[in-house]
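First comes one chain, alone, set out as structure tokens in the form predicted alone.
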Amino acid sequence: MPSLAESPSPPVVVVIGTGGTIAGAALRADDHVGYRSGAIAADALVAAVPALAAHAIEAETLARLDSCDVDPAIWLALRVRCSAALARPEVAGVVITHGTDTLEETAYFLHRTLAAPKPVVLTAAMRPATALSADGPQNLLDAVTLAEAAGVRGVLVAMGGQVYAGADLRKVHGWRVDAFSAGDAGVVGALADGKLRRYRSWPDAPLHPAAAVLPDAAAWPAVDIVTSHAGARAEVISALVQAGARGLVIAGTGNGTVHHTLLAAARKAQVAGVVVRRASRCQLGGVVGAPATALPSAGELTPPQARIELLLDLMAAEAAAAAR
């Protein structure tokens, strides 16, 4: 029997904190909305979950933001830190604590640009750490459990006992604890009593070509989202084009229909060299099929996902043109 000194070291999980509600603090335990996001550092979040004391965890705080303020610089910094951690042989996986408002955007960006042969698990909370019924501690424990599990890979999200693929996540409720959905794809698995149940394959898609050529955040092209609605005004698109937009995503109604004034303005923008994509403002379904005269479709991508995809397309095209 091997001695205690010869026992293998437990796998390390690197926890990277970026702020959000999971690290939020309010003056009252019954206050679920009037809190300060990012008030608690990552090491304190870990220390507040007694069950994590038995795990080998390295915690660092990258940012202490309300996730509505996340920007490309944060995405790039996260990508660098995740890559460095995943390259260490003793690291089983990475956990990112994040706000819920842009969780789906960060997850999609990392899914498309980060090689993740080990798990990169984002987690968050809908109630602050000071709440009587805080959901963050269980979500964090689940995320660490998932990051340690053998054979897991890809960018994932652990929330409310569910395991989502980073490519499928969308926030569908503003304040309920069960605020997320995987759309028509469904969840990848579930976590209960510390056990993982997998329902389908881990996400395994090729990285976007832009992943090899991502510039500094200040050099990213401007891509904006415009929502189609009753009485929509063409001036919105005209102003964005005048302000330097290189790409536009139209969040259309229903199956991607676009108000006629926006449609005319979008076609003018295309003539001016702006790349336009058409998504649906519906959380489920995306855009399926289209007449040949319609604006280019973003398919099943949500408007925020379509915006990220268009950003990456533009950066890849710029890099290819510069290399010629």
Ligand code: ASP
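Residues carry their position along the shown sequence, with the first being 1. Note that the structure is predicted; figures quoted are calculated from it, not measured.
The form predicted together with this ligand exists for this protein as well; it is not shown, and the discussion that follows is about that form.
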Worksheet item: Of these, L248, I96, A125, V144, which has a heavy atom no more than 4.5 Å from this ligand in the model of the complex?
Response: A125
Worksheet, complete the sentence: Note: exactly one of A59, L45, L263, L65 sits with a heavy atom within 4.5 Å of this ligand in the model of the complex, namely L65
Worksheet item: Of 96-104, 250-258, 209-217, 182-190, which is the one stretch near this ligand in the model of the complex, taking non-hydrogen atoms within 4.5 angstroms as near?
Response: 96-104
Worksheet item: Can you check whether G20 is within 4.5 Å of this ligand in the model of the complex, heavy atom basis?
Response: yes
Fill in: Touches this ligand in the model of the complex: S297 (any heavy atom, 4.5 Å)
no
